[in-house]
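A single chain, nothing else alongside it, follows as structure tokens in the form predicted on its own.
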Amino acid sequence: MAQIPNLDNAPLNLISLREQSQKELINILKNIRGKKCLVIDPKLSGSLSVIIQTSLLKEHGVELRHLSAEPIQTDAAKVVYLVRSQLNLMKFISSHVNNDISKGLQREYYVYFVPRRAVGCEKILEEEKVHHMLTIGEYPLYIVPLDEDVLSFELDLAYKECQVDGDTSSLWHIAKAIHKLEFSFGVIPNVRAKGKASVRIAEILNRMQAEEPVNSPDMVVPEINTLILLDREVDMVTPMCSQLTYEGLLDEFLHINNGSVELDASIMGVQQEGKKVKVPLNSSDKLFKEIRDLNFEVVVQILRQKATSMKQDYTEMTTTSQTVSELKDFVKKLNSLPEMTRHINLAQHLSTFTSKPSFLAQLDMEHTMVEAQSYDICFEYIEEMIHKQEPLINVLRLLILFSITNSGLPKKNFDYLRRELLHSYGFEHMGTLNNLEKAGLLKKQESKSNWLTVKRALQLVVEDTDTANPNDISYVFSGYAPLSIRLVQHAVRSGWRPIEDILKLLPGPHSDTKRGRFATSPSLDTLQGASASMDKVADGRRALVLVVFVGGVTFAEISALRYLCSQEGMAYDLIIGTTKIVSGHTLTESFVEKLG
């Protein structure tokens, strides 16, 4: 199955977007004649694999290499570097060039920055005395479609950079990516933002529109009706909880990377010692599309039912005589066998994690923290984790959840846990704890927590959640409705106004702006009943809302949004944009300071 996701059913024409990115890259390569070696920043190769097939690159006389400190081994006379604007990568390029000079090799060098060049990087190339030997360009890859309803801006560290380093350059990138969408699909008339970074992006977007306007013909209704921007900082509770959807759990335990997981071949039933296999996970796989957003308990039942029914069909085939059309139906069912086998293997592997008593105890503890009623039990649990020296990321993840739901820890407890962590895991983690404090994820309690008020007002804890036949988004965490998605629910249904009092209890400002010549058109405020005109865009499709998560989104939140979309009476389609798909693990990891 292809690694590149199938975008045929996307609510926007994402295929044209992807084709434009392919064309831009191929043009760069075409313009450099002859045999060349394309050296790709390893972090970019994942993004590129979702956009363009390697075979297509090779057709243009390209040898592929990954960028590292090691000199490039190639007999091509032209070397093309495709890199993010990261300072450490410039050192690699400089050492490659200097290495070639010392060997008397004459080559042409090209450096293409993704998505745009940075002064700091070029300064290093100048200091290393190689800048004059390079031809420098840009490959403006701002958006990577991961699936038919998910766009990634591929900014891994946006959250940490904004919160800890004070580096807000990613906000410009996000605004640029959205503005790029507007050039294809029209100016988005309604923009609702919550959080410091999101409100800032809305302002930058308006400035971009003023400086570089999208000229859409008078009568063309924009394809995206509303943009909702939400800071990750507004809801750090959700990513710290363990996701319980199929795709969410796959990410928690096996780490999905650009739409695929890599695992031992033996898990997938392939008997090859020590070999790894890549398993693609996107909606091109029909069975995966059907089960990805369901609670894992239900997925196991569905796979069992499908396997049983296939077994019955097989028994009927071998014991009774069949007509030709019955045979044909059976063969059709057999076509789905590889998908069935794939997901039964994956689900079986996941079960080895989810059935562990330690995982079930952790889930219990997360729920207790979200309930925010039993401070001492939670405190002792974390203390015990530290003393048992459980993996640091697991401890920090629960500690963040504990700190946020309590609006910090009393000074005595805070100092004690900080000291215990450093004693247990080593003083080199001082930088990590400082980062978490800087970001406000771990702090001393200065005021009473308002988490209980928010939880009650937005009904975040739902008793007796039916995971098999859900009637609320809380099924994705078996009883906790993600705060972020509750906010999106309100923003879409009735705007920010009715929940302003709650918004004020959450981090950062909020804004609601109307833009462009369609600003006077009825926004989604009036969708319910009064104005049916927005329900359907001219050609009968539902109105489209783009929800952008600044700082990352989890698969469980994406599943909750898809669940909202599938509900009867839902007047709009949702498409998701994010700086990166994250989990509690990867988010916490981004704050870890590597010393030495």
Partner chain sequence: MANVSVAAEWQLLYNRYYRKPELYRMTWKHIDLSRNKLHSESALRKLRIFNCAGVPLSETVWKNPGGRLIGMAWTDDQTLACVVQDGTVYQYNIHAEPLRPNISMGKECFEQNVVDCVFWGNGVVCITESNQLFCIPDFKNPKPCKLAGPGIEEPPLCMAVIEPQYTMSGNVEVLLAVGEAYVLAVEGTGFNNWALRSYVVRCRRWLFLVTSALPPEQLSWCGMDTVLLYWDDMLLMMGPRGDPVTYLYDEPIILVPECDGVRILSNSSMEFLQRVPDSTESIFKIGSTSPAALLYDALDHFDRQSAKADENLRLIRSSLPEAVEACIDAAVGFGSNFQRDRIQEMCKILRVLNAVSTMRLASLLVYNNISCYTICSDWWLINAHQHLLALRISEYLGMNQEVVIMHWSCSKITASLAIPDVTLLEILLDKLKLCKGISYAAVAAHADKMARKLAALLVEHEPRSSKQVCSSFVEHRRRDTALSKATESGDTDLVYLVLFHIWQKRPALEFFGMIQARTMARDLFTIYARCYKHEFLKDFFLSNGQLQEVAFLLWKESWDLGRNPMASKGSPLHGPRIKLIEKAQHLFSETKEHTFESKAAEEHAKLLRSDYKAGHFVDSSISDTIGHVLSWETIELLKVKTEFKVSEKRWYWLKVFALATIRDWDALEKFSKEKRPPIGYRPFVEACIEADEKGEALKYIPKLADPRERAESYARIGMAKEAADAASQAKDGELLGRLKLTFSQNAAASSIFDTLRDRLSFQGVS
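Quantities reported herein were computed from a predicted structural model and do not represent experimental measurements. Numbering follows the first chain given and starts at 1.
FYI, the form predicted together with the partner chain isn't displayed, but the following is about it.
> Does the partner chain come within 4.5 Å of a heavy atom in each of Asp165, Thr168 and Glu211 in the model of the complex?
Verified in the model of the complex; spot residues all in contact, yes.
> Look at the stretches 168 to 176, 467 to 475, 284 to 292, 249 to 257 and give the one with heavy atoms within 4.5 Å of the partner chain in the model of the complex.
Within 4.5 Å of the partner lies stretch 168 to 176.
> Glu437 versus the partner chain, in the model of the complex: is there a non-hydrogen atom within 4.5 Å?
Yes, Glu437 sits close enough to the partner chain in the model of the complex that at least one of its heavy atoms falls within 4.5 Å.
> Does the 4.5 Å heavy atom contact test between Gln389 and the partner chain in the model of the complex come out positive?
Residue-level check for Gln389: yes, a contact with the partner chain.
> Quick one: does Asp264 come within 4.5 Å of the partner chain in the model of the complex, counting heavy atoms only?
Output for Asp264 is no: heavy atoms all beyond 4.5 Å of the partner chain.
> Give a yes/no on whether Lys504 approaches the partner chain to within 4.5 Å in the model of the complex, heavy atoms considered.
Heavy-atom contact with the partner chain at 4.5 Å: absent for Lys504.
> Here the chain is shown alone; which of Met133, Val270, Leu422, Ile101 has a heavy atom within 4.5 Å of the partner chain in the model of the complex?
Looking at the other structure, the residue within range turns out to be Leu422.
> So which of His367, Lys514, Lys278, Arg116 reaches within 4.5 angstroms of the partner chain in the model of the complex, heavy atom to heavy atom?
The residue in contact is Arg116.
> Do any residues of 29 to 45 have a non-hydrogen atom within 4.5 angstroms of the partner chain in the model of the complex? If so, which ones, in sequence order?
Counting only heavy atoms within 4.5 Å of the partner chain in the model of the complex, the single contacting residue of 29 to 45 is Arg33.
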